[in-house]
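Quick setup: one chain, the form predicted alone, written in structure tokens, and binding and motion questions come after.
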Amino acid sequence: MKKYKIALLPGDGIGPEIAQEARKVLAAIEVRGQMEFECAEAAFGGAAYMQTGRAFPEQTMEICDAADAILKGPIGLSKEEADQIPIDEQPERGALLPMRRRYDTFANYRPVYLPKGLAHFSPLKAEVVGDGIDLLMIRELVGGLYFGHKERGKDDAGRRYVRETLEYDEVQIARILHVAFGEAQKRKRVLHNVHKSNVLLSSVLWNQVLEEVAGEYPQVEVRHIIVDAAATALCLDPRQFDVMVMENMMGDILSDLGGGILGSLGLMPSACVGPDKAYYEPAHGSAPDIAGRGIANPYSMIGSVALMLETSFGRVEEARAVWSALEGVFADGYATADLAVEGATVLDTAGFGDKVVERLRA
């Protein structure tokens, strides 16, 4: 029996609630797939800072280092809570960015998927959604503004200033483009390159490198689109896209828009993949306003389990079973509070997880 070590980081807000549902699914997969998951839970984010004084404690690093993959819940605090923590230890700066840097998880996969049977969840018109939405955003995750040089202070006139640098080199750009071309080649062989070369020199270099990399993938058609036009196009006609590739901040913004056209960020799991290790997480935030109420949608957390099964462990059949179970719960007329529509039976967090497990065991 194959054993996999998973670092489970519940995170903040609704994180522990949806992480519990991921545990249920892993237990059901163990029985189904003749495998064993050894989950080591560790504090990460705001909760970790409150416990240890570090958002990414040394003990958590050690657990992650020893794991085959990392399954992470959302992190983040309310503004009032965040203001009580030193800026450099606030969850995103003190935990998330250091994790990405530590494991060089440069490739972020964000599937934006809504089959025809669930199209009613989308706020877009039925004729726009058509037979459903199925696109993949590939986001560079360890470069750009988020990781460039940062400086703040006062100038000679006593005015406060901040300076942040958008930094990329050709190697960083090329490796994420190879990932995107590879995914496009496996799908419809169309790659939308999202950029801002009419303003940003970083995008000029990005496009130059893309032209070089594209020569290795002659069967993939490249379509260039300015990032603001891409945002508009995602709302007006998302079906024109299949694989989209973009730099870090553009991907951060557009992927949340992807959740919007589905009807909820609760429908967006993600994979963050590096050369040696990957972590998997919901694309949404920690929703501290509903934490503890048992109404959070665990779809993205459970979907992240499916991505982990396929990407890190190569268990394609089990991953497909999880996706099928998730879709099946919705198809049976159930929904969580964020997706409640007329006629649906609304489930709480645990109830949704139980239904997924029922379908897996069936």
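All residue numbers refer to positions in the sequence shown, first residue = 1. Computed from a predicted structure; not experimentally measured.
Same protein, other form: the form predicted in complex with nicotinamide-adenine-dinucleotide, not shown, and the subject of what follows.
The three residues L96, H284 and I290 all sit with a heavy atom within 4.5 Å of nicotinamide-adenine-dinucleotide in the predicted complex. The stretch from 170-178, 265-273, 230-238, 119-127 that comes within 4.5 Å of nicotinamide-adenine-dinucleotide in the predicted complex, counting heavy atoms only, is 265-273.
The single contact residue among A107, M250, I133, L77, judged by any heavy atom lying within 4.5 Å of nicotinamide-adenine-dinucleotide in the predicted complex, is L77.
Although the partner is absent here, A55 is not a contact residue: none of its heavy atoms lies within 4.5 angstroms of nicotinamide-adenine-dinucleotide in the predicted complex. Mapping the unseen interface onto this chain, E183 falls outside it, with no heavy atom inside 4.5 Å of nicotinamide-adenine-dinucleotide in the predicted complex. Heavy atoms of D348 never reach within 4.5 Å of nicotinamide-adenine-dinucleotide in the predicted complex, leaving it off the interface. When nicotinamide-adenine-dinucleotide is considered in the predicted complex, L9 lies well away from it, no heavy atom lying within 4.5 Å.
Residues of 1-38 that come within 4.5 Å of nicotinamide-adenine-dinucleotide in the predicted complex, judged by any heavy atom, reduce to I14 alone.
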